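In C-alpha cells, the next block holds one chain alone, the form predicted on its own.
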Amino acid sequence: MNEILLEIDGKEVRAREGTTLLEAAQNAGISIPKLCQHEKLIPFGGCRLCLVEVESGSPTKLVVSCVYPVEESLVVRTRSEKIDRIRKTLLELLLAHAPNSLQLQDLAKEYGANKDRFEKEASFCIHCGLCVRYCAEVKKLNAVGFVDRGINKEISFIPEIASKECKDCMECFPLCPTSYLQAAFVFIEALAFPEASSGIPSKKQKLINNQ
C-alpha cells in the first residue's frame, strides 16, 4: 500500500494510504479529542469533536478527522482559534446532557467550556453511538439500538435480546462516556425482564462467587 506524506501541526507525518487523519495523528503522537471513535468500530463521525482544519492548495476547510482519509501534501491543524471555539460549544451542548461525565469534564477544562451555558436536558445520552455500534459490529447481537429521531433520539435495549445476552456480556458498558447506558439497562431490566435481576446470578456475581 502506498505511503502518504502530509503535515500535521507543523510535523511531517507519513501514513499508509487509506488511513484517516485521526489515525495518522495518533500514530504520530498528536492528540485529537474524540468521543465516538473506537479502534474496533467503523468510523462514525458523530460527536464532531475530532474536527480539524485542512489545507491542500485551496482555502482551509473543517473536516471530521475520524472519517477523512490522508492526502498527499495535506496541511492539517488540530488546534486553532476557530477549532477551539467550535469544540468549546460542542462540549457545552454535551454537558447539558451529562454534566457529571468525568470525560466531558476533563475536556471542558481544556477548552474552557461552561457546563451551565445551556439549559439541562432530560436525557443523559450524548448519542455517541458506541454501545449501539459495538453490539452490532463486534458482538453481532443488536441488543441495543437507537429509537426516535432528532432531539428525541435515545438508546434503548431490546428486551427480547438483552434479557438473554447482556447479563453475560456488558462489554459496551465501559465504552459509555456517561452513566446513561448503565442506567438504561437497569431500567429496562427492572421493567421488562425483572426475573433476570432476581434469582439468576449476574456475570459480576459469578466472578465474585468463584473467587
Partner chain sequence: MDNKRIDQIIDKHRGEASSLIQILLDIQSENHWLPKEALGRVSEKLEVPLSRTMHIASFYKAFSLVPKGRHAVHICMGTACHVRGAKRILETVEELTGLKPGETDVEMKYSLETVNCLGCCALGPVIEINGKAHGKVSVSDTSGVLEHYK
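Keep in mind the model is a prediction, meaning the values are calculated, not measured. Numbering follows the first chain given and starts at 1.
Form predicted in complex with the partner chain: not shown, discussed below.
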Query raised in the report: Exactly one stretch in 25-33, 61-69, 157-165, 177-185 has heavy atoms within 4.5 Å of the partner chain in the model of the complex; which is it?
Result: 157-165
Query raised in the report: Heavy atom to heavy atom, is P43 within 4.5 Å of the partner chain in the model of the complex?
Result: no
Requested in this report: Please run the contact check for C172 against the partner chain in the model of the complex: heavy atoms, 4.5 angstroms, yes or no?
Outcome: no
Requested in this report: Would you check, heavy atoms only and a 4.5 Å threshold, whether N142 touches the partner chain in the model of the complex?
Outcome: yes
Report task. Answer for D148 alone: is it within 4.5 Å of the partner chain in the model of the complex, judged on heavy atom distances? Result -> yes
